[in-house]
Structures are given as structure tokens and as C-alpha cells.
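This document starts with one chain, in the form predicted alone, laid out as C-alpha cells.
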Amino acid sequence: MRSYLIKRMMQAVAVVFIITVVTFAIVNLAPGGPSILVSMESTAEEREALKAKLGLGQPLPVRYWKWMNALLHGDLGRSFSDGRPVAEAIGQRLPNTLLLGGAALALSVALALPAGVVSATRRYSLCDYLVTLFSFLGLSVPAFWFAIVLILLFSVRLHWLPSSGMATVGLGFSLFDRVAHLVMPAVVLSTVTMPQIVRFTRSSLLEVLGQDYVRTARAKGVPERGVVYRHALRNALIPVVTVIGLLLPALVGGAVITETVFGWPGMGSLALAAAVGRDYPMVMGVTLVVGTVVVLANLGVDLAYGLLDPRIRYE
């Protein structure tokens, strides 16, 4: 187990390093990179001063080495928009995104797994067709449109849920208030992953239910519920866990739209504001942190295989 963890951590570090190289190169070499901040309406002295401040006159490898050296010391640079440290801004927003993404993922798994089991065990029934219908609707409906519909229904018409933000202004911390603000963004974001988890659970469980050991369990008189949940579902979850790991980047990417529509103060809205305002240190910092979170989440998914299947050994 220890050697496997060391190997996977080395792979994770290599992936994060590649993310830093690609992100830095794209931001600095793409048209409209940091050099666009040098206004042609300013004087020659002002342009040279700004170039020197940003280090734009130095070769790209030198700039990357300085940025990487600062990164290893915990310095992600300072924001071009307000001058505050990038690490401080990300530290304020990252927990909010993790809360939203975790709630959306938990909701997806809690609803998708039972729906997939029902769809597989009642194949070609009305329940199966309804689950398939809602899965295709979830894949087809744009997240921003669904978010607007929820706001119009539950905030404007029914006044049940707040329309934006993470907490009520002027109100101290309240668990009920926080959950009320979280409900609609989590539901919208869960539509990114829920339909695919349902479909993979259904197809994987159907395959497992046709195995010999399942027929043997039924022949021994094991109740159908025990056959499904004690014998078949655990093995069927292995490809489902793999799919969840592959969907994590889509979950993080979908947070940009969801956080923007609902005014949720997370990494998605921070990245959007940085991109629109050409705040390149913030763009690189957000990309690096989000990429690292996804890499670590996929490492957790790999470790979960051993919990689901005792036959898997890491040594």
C-alpha cells in the first residue's frame, strides 16, 4: 500500500507540474496575454515601467522559473485588479466551491444509485423508462436555463428559497440559512453528473446480474434484495466509481456557470472575473489549485477500489 501511494503521489506531482507549465505558457504566449495590460495610450516611460514591474521584458523560461520559485514558497503572486495576494483570495473562495461541489456530488450519488438500481432490476418497466427519460432530460437541459427556472419558481413566485448569495446579508451564521442558499445551486450542479451516474449504474448492474455467482445466490434461496445489494451492487460500483472520478473535472467546470447565476462566492465566479478582467496571476492560481484538487480527488477514487473489491491489492 505504501509503495502504491508513493507511486501515485509522484504521478500526481508530475501532473500538477505539467499543469503549471501549460497554464503559464498559454497565459503568456496567447494573443491578449499580459502584454495587453500595457496601454498604448500611456507614455513610453510608463509602458517601460509597467513592463519592468510585470517582468515582461524577460525571457519566458526566466519568468516561469521566478513564478515557480515563488510558488514553492507559497506565493501565487498578487492580483492585478485589487493588489491582494492570490493565495488569500483563493483561500477565501475554495471552501465555498468545495462545499457546493461536495453537496452536488453527494446529491448526485444519493439519487443516482437508487435510480440506477431500480432501472436495472425493473428493466423495460415504466420505472425504467421514467428514469431513462429524466436522465436524458438532465443531459439535454442547459444548466443556466435550469437555474433561471428554479429561481423564477422557488424564489420569485413561491418565495421559498433565496435567489442568490451564500448567506443572508446582516444575519449571523445559521445552518438553516446556509442550507437554504445551497439547495438550488447544488441541484443545478448535480445535473452535470447525476444522469451519467444513473446510466452507468444501470448498465454495470445489468452486466453483473447476469454473472454465474448471482444465479448461484438466487439458486441457494437468497432473497432478491440480498442478491442485488449484497452481491451484485458492490461489484457493479467499481466502474461507477471510475466514472465519478472522470466526472469531477466536469463538476468543477460546471461550477463556473452555477456560481455565476446564483451569485455563489466560489472559485468559478472568481475565475470568470479574473478572465474577464485579464487578471492573469489570478487565472494561473485558480487553474493550478483546481487542477490539484481534481488530481487529489482522482487519487482518492483509485484508493476506493480496494474498499469495494477485496481482490484488488496495491502491492
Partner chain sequence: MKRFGELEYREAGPPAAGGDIPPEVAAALLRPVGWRAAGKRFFRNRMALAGAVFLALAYLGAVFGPLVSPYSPEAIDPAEAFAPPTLRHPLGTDEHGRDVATRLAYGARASLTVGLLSMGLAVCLGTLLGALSGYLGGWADAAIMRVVDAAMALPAFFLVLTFLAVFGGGLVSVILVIGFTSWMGVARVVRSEFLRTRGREFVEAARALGAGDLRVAVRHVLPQALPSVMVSASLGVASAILVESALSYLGLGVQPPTPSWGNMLMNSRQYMWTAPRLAVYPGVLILLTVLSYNFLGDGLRDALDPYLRD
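Numbering follows the first chain given and starts at 1. Since the structure is predicted, the reported quantities are computational estimates derived from the model, not experimental observations.
This protein has a second form, the form predicted together with its partner chain, left out of what is shown; the following refers to that one.
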* Please run the contact check for Ile18 against its partner chain in the predicted bound form: heavy atoms, 4.5 angstroms, yes or no? => yes
* Asked: Arg278: heavy atom within 4.5 Å of its partner chain in the predicted bound form?
  -> yes
* Asked: Do Phe136 and its partner chain share at least one heavy atom pair within 4.5 Å in the predicted bound form?
  -> yes
* Asked: Is Ile26 close to its partner chain in the predicted bound form, meaning a heavy atom pair under 4.5 Å apart or at it?
  -> yes
* To do: Heavy atoms, 4.5 Å, its partner chain in the predicted bound form: which of 101-109, 169-177, 138-146, 68-76 makes the cut? Say which one.
  => 138-146
* Non-hydrogen atom within 4.5 angstroms of its partner chain in the predicted bound form for each of Gln11, Val22 and Ser203 -> yes
* **in the predicted bound form, the one of Trp160, Tyr229, Tyr129, Tyr213 near its partner chain [non-hydrogen atom within 4.5 angstroms]** => Tyr129
* To do: Could you list which residues of 270-286 come within 4.5 Å of its partner chain in the predicted bound form, counting heavy atoms only?
  => Ala271, Leu272, Ala275, Val276, Arg278, Val283, Val286
